[in-house]
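For reference, the chain that follows is the form predicted alone, supplied as structure tokens.
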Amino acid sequence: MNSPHEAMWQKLGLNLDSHNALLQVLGGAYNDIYLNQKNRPKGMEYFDFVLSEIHGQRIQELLDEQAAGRKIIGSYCVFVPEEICLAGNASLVGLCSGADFAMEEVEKLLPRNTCALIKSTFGFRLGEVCPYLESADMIVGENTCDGKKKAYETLGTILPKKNLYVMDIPQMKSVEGRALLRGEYLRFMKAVEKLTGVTITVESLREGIRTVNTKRAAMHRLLKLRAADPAPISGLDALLANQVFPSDNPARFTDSINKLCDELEKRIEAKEGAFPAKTPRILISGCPMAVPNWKLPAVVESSGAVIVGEESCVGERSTRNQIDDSGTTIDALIDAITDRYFKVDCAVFTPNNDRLQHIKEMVKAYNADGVIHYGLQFCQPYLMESIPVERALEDAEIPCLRVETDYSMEDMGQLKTRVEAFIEQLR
């Protein structure tokens, strides 16, 4: 494979053979899953381009930013505030963790029965195939689960620049928990200032808040349009937009989403859908799905249903709620940032009744016929929470299917059989 970006990848220290193999697999999967869809909105051409250049043009843009004095911060979690990064003259990007890679090497450092997302994080580093990771000036981890908390101890020793910053996330929604999160955001702000050499001001922090608020508003506009029947966009395409959300240029992403929404509104008015009217409608709930984790959505939508919402960190959990930008001091704006992020209902929290309520609210808002709860193998928080989710939905007379899987294709047949039976039940 010859690419105009190979010199850039080589300079970043990527393993070119492994990286080219990854891109070939990614390109083949994208072609089979995405480009073979029918009735796609024209606005998805932008996201097709983004995926075709996900390790190319976007990386070059980030390197150009670095050359101009801007810093790049990589993150694995929605609890890391992009607002603070932007205020400190840094770009925040999501890091690679959606596919198996270099598993033999990973299992020399981690137990075999570690969740796929954590193992993927290590695999992309050990396989030297993630240019976002290699180009980042700071990598932010967070202790949202015990697996991540302990894994970061090892990850910090194998990063290219030994540049890992770990953020402490509270485990309970309490006064003390909020105070902990606020303190962590103040500590993170100081770390960003130290990294960039830029003092964050009220004006720069307010501008960062407004930029991300605008981006979230555009994404939420897209999510609400999916309530229409027929659904104007497939769940796969909406998931792709959610996956691009953390890494694209914020202004360009916002503009592209709004243009897509303009088109979707016209499709709704014309009753034109990605699927026929009355197609069974599914809400996916649970673990995040990073690029190129498209397995379950592809199974669902090739089995006769349409996904109309994602109750996930790669989904509504990352776009719900805005930040009040009216504060006139740093403390007031940090309070507002804390208030917004403290509403995130990750499964790490105990108790987590807000999440159960949000799932039921999303079922109603998106006119879903049923819920598929997606759990990654060995992801204890979401697997433990899947049972109370199922019970709460049963009490509300909402059909639910619990799925536990990983990034491999080995269970595709079994998964498809179960999903098809669930969809038939919804009919």
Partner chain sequence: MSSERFAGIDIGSRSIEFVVVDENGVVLCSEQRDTGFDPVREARELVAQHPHDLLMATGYGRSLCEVEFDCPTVTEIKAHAKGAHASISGASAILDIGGQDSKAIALYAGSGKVKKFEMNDRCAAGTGKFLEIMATNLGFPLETFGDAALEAQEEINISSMCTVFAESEVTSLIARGADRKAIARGLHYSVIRRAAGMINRISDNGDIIFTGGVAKNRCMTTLLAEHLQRRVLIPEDPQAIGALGAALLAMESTQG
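These numbers were taken from a predicted model, which means no experiment stands behind them. Residue numbers count along the first chain shown, from 1.
A second form of this protein, the form predicted in complex with its partner chain, is not displayed here; the remarks below concern that form.
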Is there a non-hydrogen atom of Asp369 within 4.5 angstroms of a non-hydrogen atom of its partner chain in the predicted bound form? no
Quick one: is Gln57 in contact with its partner chain in the predicted bound form, heavy atoms, 4.5 Å cut-off? no
Please tell me whether any heavy atom belonging to Ala392 falls inside 4.5 Å of a heavy atom of its partner chain, as the geometry stands in the predicted bound form. no
Since only the chain is shown here, I'm wondering whether Asn39 would be in contact with its partner chain in the predicted bound form (any heavy atom pair within 4.5 Å). no
Counting non-hydrogen atoms within 4.5 angstroms of its partner chain in the predicted bound form, say which of Val50, Leu383, Leu401, Ala365 makes the cut. Leu401
